[in-house]
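Given as structure tokens, the chain that follows is alone and in the form predicted on its own.
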Amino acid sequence: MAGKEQSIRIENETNRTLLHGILSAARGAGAIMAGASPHDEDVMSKGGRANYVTVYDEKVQEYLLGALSKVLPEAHFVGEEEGQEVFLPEYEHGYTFVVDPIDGTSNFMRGYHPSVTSIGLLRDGKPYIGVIYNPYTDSLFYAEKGFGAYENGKQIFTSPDPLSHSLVSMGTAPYYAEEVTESAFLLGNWYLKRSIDIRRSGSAAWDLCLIASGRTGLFYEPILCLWDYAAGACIVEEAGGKITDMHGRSLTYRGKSSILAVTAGVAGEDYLPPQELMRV
């Protein structure tokens, strides 16, 4: 028994060191963002409608690759600016960092915040640690599987309020087919009639933090990439919320997916949208 207890203690200490290393990396990335003043010449198109990348996205990702490699050298690394959207078989085993260096690039380009850095760590293909940092408000959200979710060191929980007493946040998936974006607004109208009001932040990772901290009751977006939701999903679930695709199915964490996240209060209701409004 003593040997087992010692093994658990060592594992817990290792996990704490790992988490603190990731938190430090997130703050370092945030410092790069906060010190930036993007100009037109810093902005490039990645293809598709309103799909941009700046030199700072690349700088932050390069920084995170170096910092996280020191924290967990054996981990795989999937970053948005690598353009790697295929979930490779090797990600099923061991650790994989899934990083969005600047989630909310269009916001960042125009000084319209929030823009955040998002770091998800998968273990055997499932969320294990999630860290999201907004340097403009110094808001650091994080969670480790089985240990709860926190904002700046204070444990957070989703709201017990019903949908009718909650704000809803949405994403419009502007990079994809026009019918997908149209569907997002049709769904917005449906949820508007059932909630206090609708909000749109421009950062899915940030919207998931708002769910986890009880500020909003439901968030949806028709299509998101893995780096958009991997960290936030861990934080939402550890705060007592629920996250699925928009059909109510469990997430596979293998790539693009629709996302629907709700608080504990909304989870007990019939909150799934009508299928005829869906385009995904």
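Not measured: the values here are computed from a predicted model. All residue numbers are counted from 1 along the displayed sequence.
Just so you know, the form predicted in complex with ligand 2AM exists too; it's not on screen, but the next bit is about it.
Chemist: Using the partner position in the model of the complex, report whether Leu68 sits within 4.5 Å of ligand 2AM, counting heavy atoms only.
Modeler: The answer is no: Leu68 has no heavy atom within 4.5 Å of ligand 2AM.
Chemist: Please check if Ser159 has a heavy atom lying within 4.5 Å of any heavy atom of ligand 2AM in the model of the complex.
Modeler: No, Ser159 stays farther than 4.5 Å from ligand 2AM in the model of the complex.
Chemist: Any of the heavy atoms of Leu251 lying within 4.5 Å of ligand 2AM in the model of the complex?
Modeler: The answer is no: Leu251 has no heavy atom within 4.5 Å of ligand 2AM.
Chemist: Look up in the model of the complex whether Pro174 has a non-hydrogen atom within 4.5 angstroms of ligand 2AM, and give yes or no.
Modeler: Pro174 belongs to the contact set for ligand 2AM.
Chemist: Quick check on this chain: which one of Arg200, Lys145, His165, Lys126 has a heavy atom within 4.5 Å of ligand 2AM in the model of the complex?
Modeler: Only one option qualifies, and that one is Arg200.
Chemist: Among the candidate residues Met246, Ala36, Ile223, Leu64, which is the single one with a non-hydrogen atom no more than 4.5 Å from ligand 2AM in the model of the complex?
Modeler: By the 4.5 Å criterion, the partner-contacting residue is Ile223.
Chemist: Counting only non-hydrogen atoms, choose the one of 103 to 111, 89 to 97, 148 to 156, 187 to 195 that falls within 4.5 Å of ligand 2AM in the model of the complex.
Modeler: Of the stretches listed, the one contacting the partner is 103 to 111.
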